[in-house]
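Have a look below at one chain only, the form predicted on its own, in structure tokens format.
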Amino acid sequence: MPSLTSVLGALDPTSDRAVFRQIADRLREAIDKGRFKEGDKLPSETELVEHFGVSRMTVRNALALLQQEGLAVSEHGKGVFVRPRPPVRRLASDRFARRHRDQGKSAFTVEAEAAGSRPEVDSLEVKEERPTQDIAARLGSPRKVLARRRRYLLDGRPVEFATSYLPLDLARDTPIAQPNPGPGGIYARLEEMGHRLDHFDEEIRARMPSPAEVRTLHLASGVPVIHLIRTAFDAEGRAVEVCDTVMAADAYVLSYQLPAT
């Protein structure tokens, strides 16, 4: 194994940059250059104290900074490790292709398989409720909706929490109201009911998570979320579903193919 000197180098005593930030800079550069790979354990506090000749608190502040940036994660009693990068690519132009529904696969299943990961769904809740003003406006002002809440996991790790809202007059007493709507998910059931899907509108923004989202997605300190609201329209122009999704930003790469004309 290379020495820490060759991997991290030395601090600049003439710099006015705080020492703990210099240490974080050296570790960040080593991660970026692949000297520490995903899942690798970073040098221990003791090793960094000895290498840089600084206090333990200075080293802890440097490691905490990397964790706040989402580059590293601490495992109690084991150390600090390089955080894995996004394993799943969401190809926006393909993920809702009809051929996937015809094969009985949801978009999440297709993406997980492409990444070689094991998809799971838990924390499932299906209930009738009154929509918020925003959801009602997107769906054409129904008095009540069917809400389907679920959490998605990849290889046992929570990566996404989503709630689908459908007009109650459309979804009540259909397979969509069941915990398992069947192969291809709710979009396949909508099309079987005569609502052939025409297009989707998506709004995306990045933000820091709420405390509840941190708990639900088991987010490390400093990891933001991607908040996506998608509205599905049928061929008649009716909004048939709104999906409000919160994703761990370190679990996905969002990929788009845009026309040049």
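Rigid core: the largest C-alpha set superposing within 1.5 Å between the two forms. Position 1 is the first residue in the sequence shown; the rest follow in order. From a predicted model like this one, the values you see are computed outputs, not experimental measurements.
From this point on, the text means the form predicted together with the DNA, which you will not see here.
For the residues Lys127, Arg143, His76, Arg99, the 4.5 Å heavy atom test against the DNA in the model of the complex is passed only by His76. The contact residue chosen from Val54, Ala232, Leu219, Ile31 relative to the DNA in the model of the complex is Val54, the criterion being a non-hydrogen atom within 4.5 angstroms. Although the partner is absent here, Ala112 sits far enough away that none of its heavy atoms falls within 4.5 Å of the DNA in the model of the complex. Proximity of Tyr252 to the DNA in the model of the complex falls outside the 4.5 Å heavy atom cutoff. The DNA is not shown here, and in the model of the complex it never comes within 4.5 Å of any heavy atom of Arg238.
Taking the partner from elsewhere, Ala136 is found to have every heavy atom lying beyond 4.5 Å of the DNA in the model of the complex. In the model of the complex, every residue of the candidate spot (Val19, Glu45 and Arg60) has a heavy atom lying within 4.5 Å of the DNA. The partner is not drawn, yet in the model of the complex one stretch among 152-160, 67-75, 116-124, 170-178 has residues with heavy atoms inside 4.5 Å of the DNA: 67-75. Positional change of Gly77 between this form and the one not shown reaches 2 Å or more at the C-alpha, relative to the superposed core. Core-superposed comparison between this form and the one not shown: CA of Glu213 displaced by less than 2 Å. In the core-superposed comparison between this form and the one not shown, the C-alpha atom of Arg196 has shifted by less than 2 angstroms.
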